[in-house]
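One chain comes next, on its own, written out as structure tokens in the form predicted on its own.
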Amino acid sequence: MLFKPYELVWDCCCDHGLLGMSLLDTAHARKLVFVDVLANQMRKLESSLREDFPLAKYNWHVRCGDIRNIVVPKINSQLFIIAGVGGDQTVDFINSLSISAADTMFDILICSVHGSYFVRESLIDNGFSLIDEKIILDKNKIYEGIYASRNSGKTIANTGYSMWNWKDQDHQRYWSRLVGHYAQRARNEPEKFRAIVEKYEALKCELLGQLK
């Protein structure tokens, strides 16, 4: 989904660091910071990086800590990647980064495990706009990739919009899963979740109308 290189890329909650390594390998990051709270894993990652991405050729840094404690540098060409974590944690990270860097422009690439609706709401509330979005099928699981910026861009839809292709059965299956989840939640918390179901239903009507 990335279309340009960045001076600085943060691979947050990086685990084994495979995503960040791929960006080093394709020169999408002039400097890459790997961040995670797992001390043992980060020591293993640093050892692997020293062997496969020698510092004489590649610019990287391993940081063991919580991304909520990052002091965001004033570099306009930087990207934060948050992938593979839950929706609530992703929202927490978005909010803390936005507070830390209130006057700094940066891009963000997100692929949360669940809760994309509330992740999108957080991006909207924190002044982000859309660069790109995609529905991603991986190992029979479906995720949303959301690429956003604090610079100018398209309006973010809390249900997603440009990523949907109603001719694709995987997209239909993903829509059904989302609506089923929020409809179940609406039984106990109608004031919070009924409106979300209605928005996804309206999205479906619009997508079907485009096929006529």
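The first residue of the sequence shown is number 1, and the count goes up from there. Keep in mind that what you see is a predicted model, and the values were worked out from it rather than measured.
The same protein also has a form predicted together with a small molecule, omitted here; what follows describes it.
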| query | finding |
| --- | --- |
| Interface membership of Cys14, the small molecule in the predicted bound form, 4.5 Å heavy atom rule | yes |
| Non-hydrogen atom contact Asp170 with the small molecule in the predicted bound form at 4.5 angstroms | no |
| Contact test in the predicted bound form: Leu23 vs the small molecule, heavy atoms, 4.5 Å | no |
| Contact of Gly65 with the small molecule in the predicted bound form (heavy atom, 4.5 Å) | yes |
| Option from 71-79, 102-110, 116-124, 89-97 whose residues, in the predicted bound form, bring a heavy atom within 4.5 Å of the small molecule | 89-97 |
| Listed residue that, although the small molecule is not shown, lies within 4.5 Å of it in the predicted bound form (heavy atoms), from Ala157, Leu38, Ala183, Met163 | Leu38 |
